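Next comes just one chain, in structure tokens: the form predicted alone.
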Amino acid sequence: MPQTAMPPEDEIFDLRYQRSQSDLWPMLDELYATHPGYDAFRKALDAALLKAWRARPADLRRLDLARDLEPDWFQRPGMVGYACYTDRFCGKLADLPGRLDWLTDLGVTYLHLMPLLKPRPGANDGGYSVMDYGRVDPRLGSMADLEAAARACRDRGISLCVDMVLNHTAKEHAWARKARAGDPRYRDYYLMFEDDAVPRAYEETLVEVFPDDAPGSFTYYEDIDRWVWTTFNEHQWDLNWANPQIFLEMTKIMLALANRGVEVLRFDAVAFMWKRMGTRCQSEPEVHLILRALRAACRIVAPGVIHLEEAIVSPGEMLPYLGRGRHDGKEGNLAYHNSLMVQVWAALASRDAGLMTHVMRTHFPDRLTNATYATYLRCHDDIGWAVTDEDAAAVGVQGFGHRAFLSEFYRGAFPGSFSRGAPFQHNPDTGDMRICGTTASLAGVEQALDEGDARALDLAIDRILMGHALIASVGGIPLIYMGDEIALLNDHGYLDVPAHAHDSRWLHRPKMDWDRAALARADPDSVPGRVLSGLREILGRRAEMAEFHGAHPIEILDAGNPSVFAFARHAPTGSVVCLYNVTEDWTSVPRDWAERAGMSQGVDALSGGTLAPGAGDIALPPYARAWLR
């Protein structure tokens, strides 16, 4: 930017611009320098950044300053996330402040309100088919309500997370309507083809996302005589990120949301943003240039905001979204640890932690730069069994068979299964079958209650608490999906709702049961009370564990027992060894192994108990979870 006399506040903008321009313009030069009109784009982007800065409210500028001084705020062990649909949690945005006591009592400091922006009417992929980024879904409220909700959260120390879909818009979006009307400017906002030759060539290597409901990746529209790229659904038109105007438009949207008080932007479907013939068109190098440049633009205007990049892909593909190689520490701040979720459920089904130990040791670094994971047991989507043939073979398992076993186990069809899940998007050609279900139903609570089996119920609750203790300790922000804290069961009533009946993911999207929540608070011996009190204890202890800071390294350990998943977290002040028994049986770790790991006489930070010295092996009860200092 030109160096001229400017107001003091603009001096701050200029300093931040200088700090981040090396992460902005080299990326954009690489992407767009040969595009016609690039010089005009540069001027328009500079103007958009300054305009957004001057519009940024004073309280958010103060937040920016605080987070510039404490850039590790989101890596700290006191961070706890919660994810929910607004209508299913509290009704409308205006009703959210009245429910924040529930979240603060749980220790929540990060709230993801799933899609809020105005979706298309009718089928809209659960709200991810957005027709207006500048308006809130009118069923939930207005932009003024969003600002008020963000402010109420901020007053409680809760950072609000909102979805921003980057790969596509609804076909009813204003840009798409203009493109459909024949405006050449807006036709270049999307990927449109006059015949199907190029689409068919692309489809040779593309992978269908929703093979049951939306097969193929292109849709023909007779009224415009064009094939349009539609990766996810017919009503979701893929954006042409090779056009720099898309970057400009999305930057304006991003900064407008930041100025409304959104502190975490969840970038949806980022893996699909760049297209290249002969590939899967997922996680291409240009995607990372775009995301690094978006982060740089955000750091110039709103450095108090962080980015979560939603890429549910293999570990090798996922880690670059947190910045690897040339982008180390300069891309996303958060990414979902999908692999950990898969491995926890796989270990519980097989009663064997060997695969999880191998995957976590082989594919994940001991720490990240200026970034961390969002860890979770489940989310609003299904569970896909992302176990590669190579990883399975490394522990003596056949990949196809193991994936099939996990699907059968969690839909409750495998002998001895404790789960009550349901299949989603079964692909008979590949054998792929994803699974739906709430944490409680997948962990055995629903089946135990149906059968009146008290011991099975105890084990199911221990599975839930063991799983949450694990995701709370590996590093990152543990995310609780709404209702898991009170062991909400599957909502089989989704089949009676025409808009939901075709999508089994609504099985695990029940409405919050506030009567059950009241019972959990009033009766700690009830099923919801046992889960809630156990979870609050885990999260409260976690907040006191300096070793669990997201920047501290993790060391995956071999406990000498396939029933036990073990790792150490190392901090300058000391280390903690975490042990998890993934079976319903008593087991042990060898005493000599414990001594080599430095914990022959440890204090369990979860229970407060002490590991006494002795000659015998160290016993672990069913689904034990221990944080040994």
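Sequential numbering from 1, following the sequence displayed. Because the structure is a prediction, the values reported are computed rather than measured.
There is also a form predicted in complex with ligand GLC; it is not shown, and the following applies to it.
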In contact with ligand GLC in the predicted bound form (heavy atoms, 4.5 Å), from 91-99, 263-271, 169-177, 442-450, is stretch 263-271
Ligand GLC in the predicted bound form has a heavy atom of only one listed residue within 4.5 Å, and of Tyr128, Tyr373, Tyr190, Trp227 that residue is Tyr128
Checking Arg280, Arg151, Arg326, Arg505 against ligand GLC in the predicted bound form, the residue with a non-hydrogen atom inside 4.5 angstroms turns out to be Arg505
Using 4.5 Å between non-hydrogen atoms, is Phe210 touching ligand GLC in the predicted bound form?
-> yes
Distance check, His380 to ligand GLC in the predicted bound form, heavy atom within 4.5 Å = yes
So, in the predicted bound form, is Phe418 in contact with ligand GLC at a 4.5 angstroms heavy atom limit?
-> no
Any of the heavy atoms of Glu310 lying within 4.5 Å of ligand GLC in the predicted bound form?
-> yes
Does anything in 453-468 come within 4.5 Å of ligand GLC in the predicted bound form by heavy atoms, and if so which residues, in order?
-> none
